[in-house]
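Have a look below at one chain only, the form predicted alone, in structure tokens format.
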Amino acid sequence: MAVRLCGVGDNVVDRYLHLDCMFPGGNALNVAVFARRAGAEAGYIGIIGDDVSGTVVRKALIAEKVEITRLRVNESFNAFSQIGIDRDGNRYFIGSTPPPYRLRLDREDLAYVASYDVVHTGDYGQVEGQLAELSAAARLSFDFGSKLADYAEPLLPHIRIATFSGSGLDDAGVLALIRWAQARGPDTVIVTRGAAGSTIAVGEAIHHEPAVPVTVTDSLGAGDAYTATAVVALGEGASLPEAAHRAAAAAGEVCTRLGAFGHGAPMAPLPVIATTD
């Protein structure tokens, strides 16, 4: 039986200024899409704008066969980020504009989430205040990005699967982070370090996986692909090394193309609120 995973929280359109196009993305949305690609049944709860960008996000979810029964459409612009490219071809974030709305899960949302095995959100999901309710409904996965102790500590007791960006940490630092997090709640901890590889711990078991060598076109979304694929593989009963290997392969594939998971569209005009900043 397929693993069922629901992403809850953020979505965005990533605007690639040098290409005059945009791609759907956002941690919670990306994880739902990549979980579906990894073989899971996937759903997504979030809010999109009623503009062109929101339509791009919605159409991508439909094309990827992600369930959107609980998707909201707000009369406003969709969240977006601006991405540039430097002289060496490296992409960088110029800035981001959050949506003029905030997700609040209701009883129907929580009942819907309870039909899934795993619910995933993260530090941009805006649902930190409802983690206890989400955790009571399904096994809770949370991506902390590079936010560590002060932000993570009060949230960890609700979380079963925690993902951290460990760029800059050495092996000892990764192990210390894993054991620190596990002591506060999660049984499974994932630490990604880009080209330095990744580490997954499930209970006392721990495995380091090297990054897959690829020619990097765009690394945006690679960490989300890793998390989604690892969570699905472990949910299917894969061994720790096999789950990490599958996750690294998925992350490597993302790096070879533009956008988190494709579905590029011509650049839409900026909303009025953004052009006046």
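Nothing here was measured: the structure is a model prediction, and the numbers come from that model. Just count from 1 along the sequence shown to find any residue number.
Missing here is the form predicted in complex with a small molecule; even so, the following discussion is about that form.
J.: To test your reading of this chain, name the stretch in 35-43, 52-60, 230-238, 210-218 whose heavy atoms come within 4.5 Å of the small molecule in the predicted complex.
T.: Every other range fails; the passing one is 210-218.
J.: Please identify the residue among A149, A195, A114, A176 with any heavy atom within 4.5 Å of the small molecule in the predicted complex.
T.: None of the others qualify; the residue that does is A195.
J.: Within a 4.5 Å heavy atom cut-off, is A248 in contact with the small molecule in the predicted complex?
T.: Yes, A248 is a contact residue.
J.: Spell out, yes or no, whether the shortest heavy atom distance between Q182 and the small molecule in the predicted complex is within 4.5 Å.
T.: Judged by the heavy-atom cut-off of 4.5 Å, Q182 is well away from the small molecule in the predicted complex.
J.: Is the gap between A268 and the small molecule in the predicted complex 4.5 Å or less for some heavy atom pair?
T.: Residue-level check for A268: no, no contact with the small molecule.
J.: Closest heavy atom of A28 to the small molecule in the predicted complex, within 4.5 Å or not?
T.: A28: no, not in contact with the small molecule in the predicted complex.
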